[in-house]
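Below, in structure tokens: the form predicted alone, a single chain.
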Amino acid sequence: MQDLQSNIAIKINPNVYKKDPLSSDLGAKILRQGCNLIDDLGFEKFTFKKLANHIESTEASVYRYFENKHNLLAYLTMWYWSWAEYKVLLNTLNIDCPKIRLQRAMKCLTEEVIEDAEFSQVNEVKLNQIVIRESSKVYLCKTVDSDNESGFFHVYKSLVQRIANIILEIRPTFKYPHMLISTVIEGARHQRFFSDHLPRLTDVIVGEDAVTDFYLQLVQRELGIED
């Protein structure tokens, strides 16, 4: 995880943790196995006691890094959105045409995540599943305003702002760039979930990535830039 963070310049708001988990092998194990357990059990059934047993440590040692499991989930989602912004940046670098940059960014935001051997310290497929199923619990909670003041959602906002800026390059008078992109991000997550579990609520088309195609067409139509 430490090598991964340095490679893609991911930095997590220190307000979300008590001790930087990337500062020790135990902290890195808490992140890695915490991700695995949340994916396996679901956030509701996940506890620090179960995590401690899984990593053959003590519950107290986990609490030295995170105040509660809500903050651990917030950390993981911060990492994911930072990684997503990095992918957008990498795939739009040195592209002058904003329409092409938008297309590439949309693909990064909506495409199905596959495992990449480059990221050996974290299973990004499992992390993606956690974001699909659990990440809304980070902000759909009573502490959302204080968490917001503490910067819990800065990386998510930064990602949305980056794509909104591309939209405004294409259509400077467009009134709803942030609303459009946050709708795409949240909606694409839901459609991936529906595809896997409730397929009659979406459209699964064999041989096509219907989710990416749908949202790309939706954004292009909204901006009046259809091919």
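What you see is a predicted model, and the numbers here were worked out from it, not measured in a lab. Residues carry their position along the shown sequence, with the first being 1.
One more form of this protein should be noted, the form predicted in complex with a further copy of the same chain, which is absent from this view; the next part is about it.
Enquirer: Whether M179 contacts a further copy of the same chain in the predicted bound form should be assessed with a 4.5 Å heavy atom distance threshold; does it?
Expert: M179: contacts a further copy of the same chain in the predicted bound form.
Enquirer: L22 near a further copy of the same chain in the predicted bound form, any heavy atom under 4.5 Å?
Expert: Close contact is absent here: in the predicted bound form, L22 is far from a further copy of the same chain, nothing within 4.5 Å, heavy atoms only.
Enquirer: Answer for S136 alone: is it within 4.5 Å of a further copy of the same chain in the predicted bound form, judged on heavy atom distances?
Expert: Yes, S136 lies within 4.5 Å of a further copy of the same chain in the predicted bound form.
Enquirer: Taking any heavy atom pair closer than or equal to 4.5 Å as contact, tell me whether K157 reaches a further copy of the same chain in the predicted bound form.
Expert: Result yes; K157 sits at the interface with a further copy of the same chain in the predicted bound form.
Enquirer: Sort through 140-148, 72-80, 89-97, 102-110 and report the only stretch with a non-hydrogen atom within 4.5 Å of a further copy of the same chain in the predicted bound form.
Expert: Within 4.5 Å of the partner lies stretch 140-148.
Enquirer: Can you tell me which residues in 181-219 come within 4.5 angstroms of a further copy of the same chain in the predicted bound form, by heavy atoms?
Expert: S182, T183, E186, H190, Q191, F193, F194, H197, L198, R200, L201, T202, D203, I205, E208, A210, V211, D213, F214, Y215, Q217, L218 sit within 4.5 Å of the partner.
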